[in-house]
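Single chain ahead, written as structure tokens, the form predicted alone.
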């Protein structure tokens, strides 16, 4: 890992999507969990983090348990017109497709959201493909851990998150993972949170969405409107 001035130059600025001081300078290899209730915009935030990086030339890897790979590719191509041929990888966990390399995006299909080995292989292949394409910096989004938890137990998902954190660290990428905080008990959430460097917590307050950041600085940030 770089030190001194070189390190400051490699930090990721995620504050253009979420305006928090703690997100202005995020270390490569950092994994963040975005936790909030259903329909609180977690997926959109995760995708926006990747799209913002892609606009700057970074690689993007999306692991999707709900949306088809083709939909993800179309969305990125629409929102990031400058997206390059070796800039996007998608791991589709819906279990109804085959490997493909269409429209310049690397796509890997996995049998189900519970096939964590297949998901890990797909992510590794995507990271390798982007690296070969010259994308030494990038961002990964996994949407969502809640779907995976309906197929397997919390300890297995925790282990996957821990392994992915190591891979992101080796690749110099940052990761954002989403979870529906209202779909799991407190013990499950506490176990999953331990796999991450930081937490973006979202809540509904008097009809408004608010967020705060925890774990990246000495104290949690104040709640802010989204």
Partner chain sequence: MSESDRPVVLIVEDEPDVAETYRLWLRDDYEVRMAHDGDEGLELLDESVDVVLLDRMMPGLSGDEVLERIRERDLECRVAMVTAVEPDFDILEMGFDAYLSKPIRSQQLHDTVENLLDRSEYDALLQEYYSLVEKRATLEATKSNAELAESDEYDALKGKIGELKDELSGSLGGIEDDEDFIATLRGLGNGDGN
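Numbering follows the first chain given and starts at 1. These numbers come from a predicted model, not from an experiment.
From this point on, the text means the form predicted in complex with its partner chain, which you will not see here.
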**Prompt:** Which of these stretches, 60-68, 46-54, 166-174, 33-41, has heavy atoms within 4.5 Å of its partner chain in the model of the complex?
**Reply:** 166-174
**Sole residue of 77, 154, 94, 137 within 4.5 Å of its partner chain in the model of the complex, by heavy atom** = 154
**Message:** By the heavy atom within 4.5 Å rule, which residue out of 26, 183, 199, 191 makes contact with its partner chain in the model of the complex?
**Reply:** 191
**Request:** Look up in the model of the complex whether residue 128 has a non-hydrogen atom within 4.5 angstroms of its partner chain, and give yes or no.
**Result:** yes
**Request:** Give a yes/no on whether residue 107 approaches its partner chain to within 4.5 Å in the model of the complex, heavy atoms considered.
**Result:** no
**Message:** Would you classify residue 90 as touching its partner chain in the model of the complex, given a 4.5 Å non-hydrogen atom cut-off?
**Reply:** no
**Prompt:** How about residue 150: is it within 4.5 Å of its partner chain in the model of the complex, going by heavy atoms?
**Reply:** no
**Request:** Report whether all of 120, 124 and 187 sit within 4.5 Å of its partner chain in the model of the complex, measuring from non-hydrogen atoms.
**Result:** yes
